[in-house]
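Just the one chain here, the form predicted alone, laid out as structure tokens.
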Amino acid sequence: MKIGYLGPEATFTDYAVRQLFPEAERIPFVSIPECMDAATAGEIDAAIVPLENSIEGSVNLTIDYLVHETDLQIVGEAVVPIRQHLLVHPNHLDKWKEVQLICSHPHALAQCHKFLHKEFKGIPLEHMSSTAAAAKFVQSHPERNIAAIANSLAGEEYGLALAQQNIHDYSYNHTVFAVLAKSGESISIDPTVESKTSLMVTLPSDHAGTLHQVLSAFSWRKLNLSKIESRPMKTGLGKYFFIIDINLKIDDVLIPGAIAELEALGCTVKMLGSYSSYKI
């Protein structure tokens, strides 16, 4: 099995792949769209990409690309604890407080705002495509006293020294990674007790009270929603679609009945996936 992920090696996404598919061939990609395109083209069996962070919220690039650009389905998700560390080249470990640049993924930098404001106020921050890319950048510039914010796996992979550990602002920091595959693709993941169904719902235009009716379709069936989120349709101001997560795998009665009721209201409904959720 070939599993693509947001690379390079030792990203949090790579860590999720290693936990979910320890025997698979891991193939890194430089961006989320490239990874998803490879799954769409059949170059890989599945793509694993970040979907949501408990601190920073949804990864809009993943959601928008899934909805607008591909026909991939969510076939599973992994919830991974995020532990951010300050990594430097071993040559500069004793001078870590004098770093001249700190680089990482924008989400990682935001997750460590309090630490950075306290210890490195005024020091430039540089955005990278991933935390591992930042670690790789520090490794490739041993002459510069710079630092990366990344996980311990990246530190080991790129031979960096741990200057400060657990520098994230909040102790409960988790990221959800989606496992994406073409419809009908068989992806075997260990069973779990938690399940979800994700829908994309577009409301009819100029119809007062439709969102209330949509929510009522789930409420009276006692279907628990774990998320409802709006995203722009990209067709004009004021036009949105909704991502709705239901805490239940697709069944024969309740969810199909809710979908039929939504469509009777004039809504457009697209199934994004019915899958299991894994806590790593």
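In case it trips you up, residue 1 is the first one in the sequence shown, and so on. Because the structure is a prediction, the values reported are computed rather than measured.
Only in words, not in the display: the form predicted together with a small molecule, which the text now covers.
Partner contacts here mean any heavy atom within 4.5 Å of the small molecule in the predicted complex, and among 69 to 77, 161 to 169, 82 to 90, 140 to 148 they occur only in 82 to 90. Residue 175 belongs to the set of residues with a heavy atom inside 4.5 Å of the small molecule in the predicted complex. Taking non-hydrogen atoms only, residue 136 never approaches the small molecule to within 4.5 angstroms in the predicted complex. Contact check for residue 59: a non-hydrogen atom falls within 4.5 Å of the small molecule in the predicted complex. Put simply, residue 213 is far from the small molecule in the predicted complex: not one heavy atom of it is within 4.5 Å.
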